[in-house]
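Here we start with a single chain on its own, the form predicted alone, put down as C-alpha coordinates.
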Amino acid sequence: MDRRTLLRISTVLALAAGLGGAAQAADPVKIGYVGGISGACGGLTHSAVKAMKIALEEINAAGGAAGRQIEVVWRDSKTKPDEGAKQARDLVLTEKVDLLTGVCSSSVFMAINPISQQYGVPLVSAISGTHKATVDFGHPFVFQTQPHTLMEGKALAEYAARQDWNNIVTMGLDYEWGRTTVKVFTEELAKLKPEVKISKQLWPRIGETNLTSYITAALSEEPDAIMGVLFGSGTNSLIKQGRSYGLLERTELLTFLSTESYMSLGKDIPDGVHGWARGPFYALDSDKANAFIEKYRKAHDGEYPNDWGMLGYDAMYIIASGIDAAGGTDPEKFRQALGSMTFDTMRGPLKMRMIDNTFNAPSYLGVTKMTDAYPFPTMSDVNVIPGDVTLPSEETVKALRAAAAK
(Lines give C-alpha, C1' and ligand atoms only; values in the text may rest on other atoms or scores of the structure.)
Protein backbone atom coordinates (compact mmCIF):
# COMPACT_ATOMS: atom_id res chain seq x y z
CA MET A 1 0.00 0.00 0.00
CA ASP A 2 1.58 3.30 -1.09
CA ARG A 3 1.87 6.46 0.97
CA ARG A 4 -0.94 8.24 -0.91
CA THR A 5 -3.41 5.42 -0.22
CA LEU A 6 -2.47 5.37 3.47
CA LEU A 7 -3.03 9.11 3.64
CA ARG A 8 -6.49 8.75 2.10
CA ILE A 9 -7.44 6.00 4.57
CA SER A 10 -6.18 8.06 7.50
CA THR A 11 -8.18 11.05 6.33
CA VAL A 12 -11.38 8.99 5.98
CA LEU A 13 -10.89 7.48 9.46
CA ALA A 14 -10.27 10.91 10.97
CA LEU A 15 -13.40 12.31 9.36
CA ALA A 16 -15.45 9.34 10.53
CA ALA A 17 -14.16 9.76 14.07
CA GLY A 18 -14.95 13.43 13.97
CA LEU A 19 -18.44 12.85 12.66
CA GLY A 20 -19.03 10.18 15.29
CA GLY A 21 -17.92 12.56 18.02
CA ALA A 22 -20.16 15.28 16.64
CA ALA A 23 -23.12 12.91 16.56
CA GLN A 24 -22.47 11.86 20.14
CA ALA A 25 -22.19 15.47 21.29
CA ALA A 26 -25.49 16.23 19.58
CA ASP A 27 -27.43 13.49 21.37
CA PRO A 28 -30.47 15.13 22.94
CA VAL A 29 -30.96 15.72 26.63
CA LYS A 30 -33.70 13.28 27.65
CA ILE A 31 -36.20 14.39 30.26
CA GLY A 32 -38.76 11.99 31.69
CA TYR A 33 -42.07 13.63 32.56
CA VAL A 34 -44.25 11.79 35.08
CA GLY A 35 -47.53 13.62 35.64
CA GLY A 36 -51.09 12.93 36.66
CA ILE A 37 -52.37 13.27 33.10
CA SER A 38 -55.41 11.23 34.19
CA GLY A 39 -56.96 10.57 37.58
CA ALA A 40 -57.52 13.21 40.25
CA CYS A 41 -54.83 15.51 38.80
CA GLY A 42 -56.07 15.27 35.21
CA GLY A 43 -57.91 18.59 35.34
CA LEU A 44 -54.75 20.36 36.50
CA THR A 45 -52.00 18.70 34.52
CA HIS A 46 -53.29 19.20 30.98
CA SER A 47 -52.28 22.87 31.06
CA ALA A 48 -48.83 22.07 32.44
CA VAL A 49 -48.16 19.67 29.56
CA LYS A 50 -49.28 22.24 26.98
CA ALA A 51 -47.17 24.97 28.57
CA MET A 52 -44.07 22.80 28.90
CA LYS A 53 -44.34 21.88 25.22
CA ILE A 54 -44.39 25.58 24.33
CA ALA A 55 -41.30 26.18 26.48
CA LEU A 56 -39.63 23.14 24.92
CA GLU A 57 -40.22 24.46 21.39
CA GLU A 58 -38.81 27.86 22.33
CA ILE A 59 -35.75 26.43 24.06
CA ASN A 60 -34.93 24.05 21.21
CA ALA A 61 -35.46 26.78 18.60
CA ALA A 62 -32.93 28.90 20.49
CA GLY A 63 -30.31 26.14 20.43
CA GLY A 64 -31.39 23.89 23.30
CA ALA A 65 -29.36 23.50 26.49
CA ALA A 66 -25.58 23.10 26.59
CA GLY A 67 -25.64 22.89 22.80
CA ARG A 68 -28.08 19.95 22.77
CA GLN A 69 -31.74 19.68 21.90
CA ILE A 70 -34.13 18.60 24.64
CA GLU A 71 -36.41 15.61 24.20
CA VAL A 72 -39.23 14.85 26.65
CA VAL A 73 -40.71 11.38 27.18
CA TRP A 74 -44.24 11.85 28.53
CA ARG A 75 -45.74 9.37 31.01
CA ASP A 76 -49.01 9.27 32.96
CA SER A 77 -48.90 8.42 36.66
CA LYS A 78 -52.72 8.22 36.66
CA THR A 79 -52.33 10.13 39.96
CA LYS A 80 -51.39 6.83 41.63
CA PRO A 81 -48.16 6.49 43.64
CA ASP A 82 -47.41 2.93 42.49
CA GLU A 83 -47.98 3.81 38.84
CA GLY A 84 -45.86 6.96 39.17
CA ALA A 85 -43.00 4.94 40.68
CA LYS A 86 -43.32 2.30 37.94
CA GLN A 87 -43.18 4.94 35.19
CA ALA A 88 -40.27 6.80 36.77
CA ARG A 89 -38.23 3.61 37.15
CA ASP A 90 -38.88 2.64 33.54
CA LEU A 91 -37.89 6.11 32.33
CA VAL A 92 -34.58 5.82 34.19
CA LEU A 93 -33.73 2.20 33.34
CA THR A 94 -35.24 1.78 29.87
CA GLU A 95 -35.39 5.28 28.39
CA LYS A 96 -32.13 6.32 30.08
CA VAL A 97 -33.44 9.80 30.86
CA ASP A 98 -31.04 12.39 32.24
CA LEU A 99 -33.64 14.02 34.48
CA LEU A 100 -37.19 13.56 35.79
CA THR A 101 -39.88 16.23 36.16
CA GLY A 102 -43.63 16.72 36.35
CA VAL A 103 -45.39 15.27 39.39
CA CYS A 104 -48.78 16.55 40.53
CA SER A 105 -49.88 14.54 43.56
CA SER A 106 -47.74 14.81 46.68
CA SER A 107 -48.12 11.07 47.22
CA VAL A 108 -46.75 10.41 43.73
CA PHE A 109 -43.88 12.82 44.38
CA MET A 110 -43.01 10.87 47.52
CA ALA A 111 -43.12 7.58 45.57
CA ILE A 112 -40.80 8.85 42.84
CA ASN A 113 -38.34 10.59 45.16
CA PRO A 114 -36.52 7.39 46.31
CA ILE A 115 -36.01 6.38 42.66
CA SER A 116 -34.34 9.71 41.95
CA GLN A 117 -32.10 9.16 44.97
CA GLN A 118 -31.31 5.52 44.16
CA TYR A 119 -30.17 6.19 40.61
CA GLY A 120 -28.80 9.71 41.10
CA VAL A 121 -31.17 11.16 38.50
CA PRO A 122 -32.32 14.74 39.25
CA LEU A 123 -36.05 15.13 39.97
CA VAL A 124 -37.43 18.63 39.47
CA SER A 125 -40.97 19.06 40.74
CA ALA A 126 -43.00 21.60 38.78
CA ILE A 127 -46.33 21.13 40.59
CA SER A 128 -46.35 18.94 43.70
CA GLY A 129 -46.77 20.65 47.07
CA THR A 130 -45.37 18.33 49.75
CA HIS A 131 -42.26 19.57 51.55
CA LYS A 132 -41.29 16.10 52.72
CA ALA A 133 -39.55 15.14 49.48
CA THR A 134 -37.07 18.03 49.69
CA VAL A 135 -37.00 18.62 53.46
CA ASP A 136 -37.67 15.53 55.60
CA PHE A 137 -36.43 13.05 52.98
CA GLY A 138 -34.38 15.45 50.90
CA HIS A 139 -31.29 14.38 48.99
CA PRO A 140 -28.92 16.26 46.69
CA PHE A 141 -30.88 15.70 43.49
CA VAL A 142 -34.52 16.49 44.31
CA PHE A 143 -35.71 20.04 43.61
CA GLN A 144 -38.87 22.09 44.17
CA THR A 145 -39.70 25.13 42.04
CA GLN A 146 -43.03 26.05 43.67
CA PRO A 147 -44.09 26.74 47.27
CA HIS A 148 -44.42 23.57 49.33
CA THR A 149 -46.67 22.70 52.25
CA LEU A 150 -44.51 24.36 54.93
CA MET A 151 -44.48 27.55 52.89
CA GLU A 152 -48.17 27.54 51.97
CA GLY A 153 -49.28 26.59 55.47
CA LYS A 154 -47.39 29.55 56.85
CA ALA A 155 -48.73 31.89 54.15
CA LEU A 156 -52.28 30.78 54.97
CA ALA A 157 -51.72 31.37 58.68
CA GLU A 158 -50.30 34.85 57.96
CA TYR A 159 -53.41 35.64 55.92
CA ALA A 160 -55.91 34.19 58.41
CA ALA A 161 -54.27 36.05 61.31
CA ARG A 162 -55.12 39.34 59.57
CA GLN A 163 -58.83 38.45 59.45
CA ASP A 164 -61.43 38.79 62.19
CA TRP A 165 -61.79 35.02 62.57
CA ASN A 166 -61.82 33.43 66.02
CA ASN A 167 -63.40 30.04 65.29
CA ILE A 168 -62.14 28.06 62.29
CA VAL A 169 -63.00 24.61 60.91
CA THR A 170 -60.40 22.99 58.66
CA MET A 171 -61.31 20.64 55.82
CA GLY A 172 -58.29 18.96 54.25
CA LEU A 173 -58.02 16.14 51.76
CA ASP A 174 -56.95 12.99 53.57
CA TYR A 175 -53.53 12.54 52.04
CA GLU A 176 -50.05 14.09 52.24
CA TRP A 177 -50.79 17.59 50.91
CA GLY A 178 -54.04 18.10 52.84
CA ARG A 179 -52.81 16.67 56.14
CA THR A 180 -49.53 18.56 56.17
CA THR A 181 -50.93 21.91 55.05
CA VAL A 182 -53.59 21.80 57.77
CA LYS A 183 -50.99 20.83 60.37
CA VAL A 184 -48.65 23.67 59.44
CA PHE A 185 -51.53 26.14 59.22
CA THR A 186 -52.83 25.33 62.69
CA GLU A 187 -49.35 25.38 64.25
CA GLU A 188 -48.36 28.69 62.63
CA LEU A 189 -51.71 30.32 63.40
CA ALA A 190 -51.36 29.33 67.06
CA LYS A 191 -48.09 31.28 67.16
CA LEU A 192 -49.49 34.33 65.37
CA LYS A 193 -52.93 34.49 66.99
CA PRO A 194 -53.25 31.98 69.86
CA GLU A 195 -56.78 33.04 70.73
CA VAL A 196 -58.13 31.50 67.51
CA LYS A 197 -59.91 28.19 68.09
CA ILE A 198 -59.74 25.32 65.58
CA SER A 199 -63.05 23.78 66.52
CA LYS A 200 -63.04 20.80 64.14
CA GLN A 201 -60.85 19.11 61.54
CA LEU A 202 -62.51 17.22 58.68
CA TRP A 203 -60.81 14.85 56.22
CA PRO A 204 -62.59 14.02 52.94
CA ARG A 205 -60.85 11.44 50.76
CA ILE A 206 -59.02 12.51 47.62
CA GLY A 207 -61.41 12.14 44.68
CA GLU A 208 -64.49 12.23 46.93
CA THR A 209 -67.13 14.43 45.29
CA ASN A 210 -70.06 14.22 47.73
CA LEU A 211 -69.02 16.63 50.48
CA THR A 212 -72.45 17.30 52.00
CA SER A 213 -71.71 15.45 55.26
CA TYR A 214 -68.51 17.45 55.70
CA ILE A 215 -70.29 20.72 54.92
CA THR A 216 -73.02 20.09 57.49
CA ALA A 217 -70.45 18.97 60.07
CA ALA A 218 -68.45 22.14 59.52
CA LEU A 219 -71.46 24.45 59.71
CA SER A 220 -72.63 22.79 62.93
CA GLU A 221 -69.66 24.44 64.64
CA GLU A 222 -70.92 27.88 63.58
CA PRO A 223 -67.40 28.85 62.47
CA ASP A 224 -66.21 32.29 61.43
CA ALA A 225 -64.37 30.57 58.57
CA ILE A 226 -63.76 27.21 56.92
CA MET A 227 -60.21 26.66 55.68
CA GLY A 228 -60.40 24.10 52.88
CA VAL A 229 -57.30 22.34 51.56
CA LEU A 230 -58.89 20.83 48.47
CA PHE A 231 -58.24 21.15 44.74
CA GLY A 232 -60.01 20.61 41.44
CA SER A 233 -63.23 18.65 41.80
CA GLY A 234 -62.95 18.86 45.60
CA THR A 235 -62.95 22.66 45.58
CA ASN A 236 -65.73 22.70 42.99
CA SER A 237 -67.89 20.31 45.03
CA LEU A 238 -67.39 22.30 48.23
CA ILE A 239 -68.56 25.53 46.61
CA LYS A 240 -71.42 24.12 44.52
CA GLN A 241 -72.81 21.78 47.19
CA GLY A 242 -72.31 24.40 49.85
CA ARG A 243 -74.85 26.64 48.13
CA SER A 244 -77.69 24.33 49.20
CA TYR A 245 -76.70 24.88 52.83
CA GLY A 246 -76.06 28.60 52.59
CA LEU A 247 -72.39 27.94 53.34
CA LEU A 248 -71.10 31.22 51.95
CA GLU A 249 -73.83 33.20 53.71
CA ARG A 250 -73.18 31.52 57.06
CA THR A 251 -69.38 31.63 57.14
CA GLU A 252 -66.26 32.78 55.31
CA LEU A 253 -64.41 30.34 53.10
CA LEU A 254 -60.66 30.21 52.48
CA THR A 255 -59.72 27.53 49.96
CA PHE A 256 -57.29 26.61 47.21
CA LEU A 257 -58.44 28.36 44.03
CA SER A 258 -56.15 27.76 41.10
CA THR A 259 -57.36 29.00 37.76
CA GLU A 260 -59.04 25.81 36.53
CA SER A 261 -61.58 26.11 39.37
CA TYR A 262 -62.56 29.59 38.19
CA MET A 263 -62.86 28.35 34.61
CA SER A 264 -65.04 25.34 35.45
CA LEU A 265 -67.23 27.02 38.08
CA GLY A 266 -67.58 30.42 36.43
CA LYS A 267 -70.29 32.48 38.07
CA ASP A 268 -70.99 29.68 40.54
CA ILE A 269 -68.15 31.24 42.51
CA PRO A 270 -69.63 34.33 44.15
CA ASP A 271 -67.67 37.42 45.05
CA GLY A 272 -66.01 37.30 48.45
CA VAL A 273 -64.48 33.82 48.63
CA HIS A 274 -60.95 33.90 50.04
CA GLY A 275 -58.55 31.92 47.89
CA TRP A 276 -54.91 31.08 47.43
CA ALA A 277 -52.93 30.08 44.36
CA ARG A 278 -49.39 29.35 43.18
CA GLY A 279 -49.23 31.00 39.77
CA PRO A 280 -52.39 32.91 38.80
CA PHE A 281 -51.84 34.26 35.28
CA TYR A 282 -54.05 37.31 35.89
CA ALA A 283 -51.84 38.48 38.77
CA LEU A 284 -48.55 38.19 36.85
CA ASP A 285 -48.20 41.41 34.89
CA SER A 286 -44.81 41.25 33.18
CA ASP A 287 -43.65 41.22 29.57
CA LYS A 288 -42.55 37.60 29.93
CA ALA A 289 -45.86 36.45 31.41
CA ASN A 290 -47.94 38.43 28.93
CA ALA A 291 -46.00 37.03 25.96
CA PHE A 292 -46.46 33.47 27.19
CA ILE A 293 -50.18 33.93 27.90
CA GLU A 294 -50.71 35.34 24.40
CA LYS A 295 -48.82 32.44 22.78
CA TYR A 296 -50.62 29.84 24.90
CA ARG A 297 -54.06 31.25 24.07
CA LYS A 298 -53.24 31.45 20.38
CA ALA A 299 -52.13 27.80 20.38
CA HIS A 300 -55.17 26.55 22.34
CA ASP A 301 -58.25 28.28 20.96
CA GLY A 302 -58.30 31.17 23.42
CA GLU A 303 -57.91 28.99 26.53
CA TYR A 304 -56.14 30.66 29.45
CA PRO A 305 -53.31 28.77 31.16
CA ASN A 306 -54.05 27.58 34.67
CA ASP A 307 -51.54 27.86 37.54
CA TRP A 308 -49.94 24.55 36.57
CA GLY A 309 -49.31 25.87 33.07
CA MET A 310 -47.53 28.89 34.49
CA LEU A 311 -45.45 26.72 36.84
CA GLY A 312 -44.67 24.16 34.16
CA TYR A 313 -43.40 26.79 31.73
CA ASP A 314 -41.18 28.29 34.43
CA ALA A 315 -39.87 24.86 35.43
CA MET A 316 -38.86 23.93 31.90
CA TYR A 317 -36.82 27.11 31.59
CA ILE A 318 -35.24 26.56 35.01
CA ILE A 319 -34.21 23.04 33.96
CA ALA A 320 -32.79 24.19 30.61
CA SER A 321 -30.93 27.11 32.18
CA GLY A 322 -29.40 24.82 34.80
CA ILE A 323 -28.24 22.32 32.19
CA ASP A 324 -26.82 25.13 30.09
CA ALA A 325 -24.91 26.65 33.03
CA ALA A 326 -23.67 23.21 34.11
CA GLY A 327 -22.44 22.45 30.61
CA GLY A 328 -24.44 19.21 30.59
CA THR A 329 -26.49 16.90 32.75
CA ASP A 330 -24.01 15.84 35.44
CA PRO A 331 -26.30 15.82 38.52
CA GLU A 332 -23.93 17.57 40.93
CA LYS A 333 -22.91 20.21 38.40
CA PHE A 334 -26.60 20.75 37.63
CA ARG A 335 -27.35 21.23 41.33
CA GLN A 336 -24.47 23.65 41.79
CA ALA A 337 -25.61 25.62 38.76
CA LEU A 338 -29.17 25.93 40.07
CA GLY A 339 -27.87 27.10 43.43
CA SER A 340 -25.70 29.79 41.91
CA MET A 341 -28.28 31.44 39.65
CA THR A 342 -31.18 33.86 39.83
CA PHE A 343 -33.96 32.84 37.43
CA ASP A 344 -36.12 35.32 35.57
CA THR A 345 -39.49 33.59 35.87
CA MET A 346 -43.03 34.74 35.21
CA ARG A 347 -43.40 34.94 39.01
CA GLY A 348 -40.43 37.28 39.25
CA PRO A 349 -36.79 36.55 40.12
CA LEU A 350 -36.40 33.24 41.97
CA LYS A 351 -33.39 31.67 43.68
CA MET A 352 -32.79 28.19 45.04
CA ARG A 353 -31.15 27.55 48.39
CA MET A 354 -28.82 24.60 48.66
CA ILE A 355 -29.83 23.08 51.99
CA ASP A 356 -33.12 21.77 50.60
CA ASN A 357 -32.98 22.61 46.86
CA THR A 358 -36.10 24.73 47.28
CA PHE A 359 -36.91 27.92 45.39
CA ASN A 360 -38.18 31.03 47.18
CA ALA A 361 -41.46 30.89 45.27
CA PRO A 362 -44.27 33.23 46.36
CA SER A 363 -47.83 32.42 47.43
CA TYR A 364 -50.82 34.41 46.18
CA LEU A 365 -53.91 35.11 48.31
CA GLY A 366 -56.95 37.27 47.65
CA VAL A 367 -60.74 37.49 47.41
CA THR A 368 -62.86 36.42 44.44
CA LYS A 369 -64.46 39.03 42.24
CA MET A 370 -66.20 38.95 38.86
CA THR A 371 -64.96 41.67 36.51
CA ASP A 372 -65.24 42.48 32.83
CA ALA A 373 -61.63 41.43 32.22
CA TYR A 374 -62.32 37.67 32.01
CA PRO A 375 -65.31 35.36 31.43
CA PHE A 376 -64.80 33.90 34.91
CA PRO A 377 -64.02 35.30 38.38
CA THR A 378 -60.48 35.87 39.57
CA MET A 379 -58.90 36.97 42.82
CA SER A 380 -58.83 40.69 43.48
CA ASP A 381 -56.64 42.57 45.96
CA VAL A 382 -54.03 39.83 45.55
CA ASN A 383 -51.57 39.55 48.43
CA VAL A 384 -48.19 38.23 47.33
CA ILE A 385 -46.35 36.59 50.22
CA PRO A 386 -42.70 36.11 49.18
CA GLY A 387 -41.02 32.77 49.57
CA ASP A 388 -38.23 34.35 51.60
CA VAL A 389 -40.87 34.98 54.30
CA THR A 390 -42.36 31.49 54.26
CA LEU A 391 -39.32 29.23 53.73
CA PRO A 392 -38.57 27.27 56.91
CA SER A 393 -35.34 28.10 58.68
CA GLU A 394 -32.29 25.95 58.09
CA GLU A 395 -32.57 24.83 61.72
CA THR A 396 -36.10 23.60 61.03
CA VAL A 397 -34.92 21.69 57.97
CA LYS A 398 -32.19 19.99 59.98
CA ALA A 399 -34.59 19.13 62.80
CA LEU A 400 -37.16 17.62 60.42
CA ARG A 401 -34.49 15.54 58.71
CA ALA A 402 -33.17 14.30 62.03
CA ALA A 403 -36.70 13.30 63.10
CA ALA A 404 -37.36 11.57 59.77
CA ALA A 405 -34.11 9.60 60.06
CA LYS A 406 -35.10 8.02 63.38
Partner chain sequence: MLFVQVMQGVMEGIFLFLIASGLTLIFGVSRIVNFAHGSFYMVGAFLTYQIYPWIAEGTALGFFVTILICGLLVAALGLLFEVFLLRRVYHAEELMQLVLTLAAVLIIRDVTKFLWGLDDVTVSLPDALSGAAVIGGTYLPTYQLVMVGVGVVVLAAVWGFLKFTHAGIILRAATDDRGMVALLGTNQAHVFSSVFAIGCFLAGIAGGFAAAFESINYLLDTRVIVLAFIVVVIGGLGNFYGALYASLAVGILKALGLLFAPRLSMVIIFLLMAVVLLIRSLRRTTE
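Bear in mind the structure is a predicted one, so any value in this text is a computation, not a measurement. Numbering follows the first chain given and starts at 1.
This next part talks about the form predicted in complex with its partner chain, which is not shown.
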Answer key, its partner chain contact in the predicted bound form at 4.5 Å (heavy atoms) among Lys193, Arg297, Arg250, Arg162: the residue is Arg250
From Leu365, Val29, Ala40, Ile59: within 4.5 Å of its partner chain in the predicted bound form by heavy atoms is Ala40
TL;DR on 98-106, 85-93, 205-213, 280-288: the one with heavy atoms within 4.5 Å of its partner chain in the predicted bound form is 205-213
I'd like to know whether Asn236 contacts its partner chain in the predicted bound form, with contact meaning heavy atoms within 4.5 angstroms. yes
If we define contact as a non-hydrogen atom of the residue within 4.5 angstroms of the partner, is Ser220 a contact of its partner chain in the predicted bound form? yes
*Applying a 4.5 Å heavy atom distance criterion, does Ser244 contact its partner chain in the predicted bound form?*
yes
Review point. Heavy atoms within 4.5 Å of its partner chain in the predicted bound form: does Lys132 have any?
Key: no
Contact check, 264-282 vs its partner chain in the predicted bound form, heavy atom within 4.5 Å, ordered by sequence, gives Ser264, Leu265, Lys267, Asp268
